[in-house]
Ligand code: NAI
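Just one chain is shown here, as structure tokens, and it is the form predicted alone.
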Amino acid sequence: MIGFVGAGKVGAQAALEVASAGLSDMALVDIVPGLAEGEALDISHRLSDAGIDVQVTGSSDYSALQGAELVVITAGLARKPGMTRMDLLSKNSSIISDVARQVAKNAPGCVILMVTNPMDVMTYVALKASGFPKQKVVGQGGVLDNSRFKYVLAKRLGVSRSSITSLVMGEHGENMIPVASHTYVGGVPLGNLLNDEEVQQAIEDTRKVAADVITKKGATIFAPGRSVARMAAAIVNDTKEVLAASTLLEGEYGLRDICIGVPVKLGSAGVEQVYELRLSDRERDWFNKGADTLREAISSLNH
């Protein structure tokens, strides 16, 4: 069974994507009376038309999570137009601490998949509050950011999005790293197709695109939902897919005691392996800049 804590716009869309894939029965939990139950009914009606026989329930009680092998957390305040992800730090850290403790109490064997922003810091908060081993708590940002990088590149190059093999790692925020040095179009290195100025513009466009969506429609919903479903499939089906995700580092990339996006192998145990990439000097600088931002944010919560 898969649990969801938070049945707002992103949580409901993520639940719909996961349910539509027929991965598992699901339980939605939200503190707003009736919201999780209503979303569960709406999703169930959608599944009925598609002939998908997974059961979806809703509740305001965390006991509904009992037996979950994966719990997706989208609870907390959403990013508004003009806000950075870090603007949500203090309020959401308190919410996520409480949620993580409830998840640990009711689903002690689960993997936690964190979506709430600022995602890397909230992944760290959930890890500490739950008391789970590090591999059991993972954050979602890299898959989502990579979908945006592929969109930007496909539009600029005039190629199918399916032709692009790319990766976005680092902080899920203004210091994210679309890793141009490991990006290929049908096997052709990106540097063979775009000059340095064009590559840097594509990177900047990727960093800004989420804020553009939020300005225009108030929230990013569909792309995060799809990214959750992809990661959930890797965990529930134990596919061992290698994706960029936020995890606690213990010496990898020269960093310790922060959660940040890196390539990982995802399976039923959660983060089963961390992969270290050789980055360009510019990419390494951006990675360390993002790490410094996260370290400062974590430190501010401890004061």
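The numbering used is simple: start at 1 and walk along the sequence shown. What you see is a predicted model; the values in this text were computed from it and never measured.
The same protein also exists as the form predicted in complex with this ligand; that form is not shown, yet it is the one meant from here on.
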Can you check whether A50 is within 4.5 Å of this ligand in the predicted complex, heavy atom basis?
-> no
Does any heavy atom of G6 come within 4.5 Å of a heavy atom of this ligand in the predicted complex?
-> yes
Is there a heavy atom of L277 lying 4.5 Å or less from a heavy atom of this ligand in the predicted complex?
-> no
Using heavy atoms and a 4.5 Å limit, would one call L35 a contact residue for this ligand in the predicted complex?
-> yes
Which of these stretches, 189 to 197, 173 to 181, 150 to 158, 136 to 144, has heavy atoms within 4.5 Å of this ligand in the predicted complex?
-> 136 to 144
Answer key, this ligand contact in the predicted complex at 4.5 Å (heavy atoms) among L89, V213, A78, A129: the residue is A78
Here the chain is shown alone; which of C110, M119, M231, V72 has a heavy atom within 4.5 Å of this ligand in the predicted complex?
-> M119
Which of the residues spanning 10 to 26 lie within 4.5 Å of this ligand in the predicted complex, based on heavy atoms?
-> V10, G11
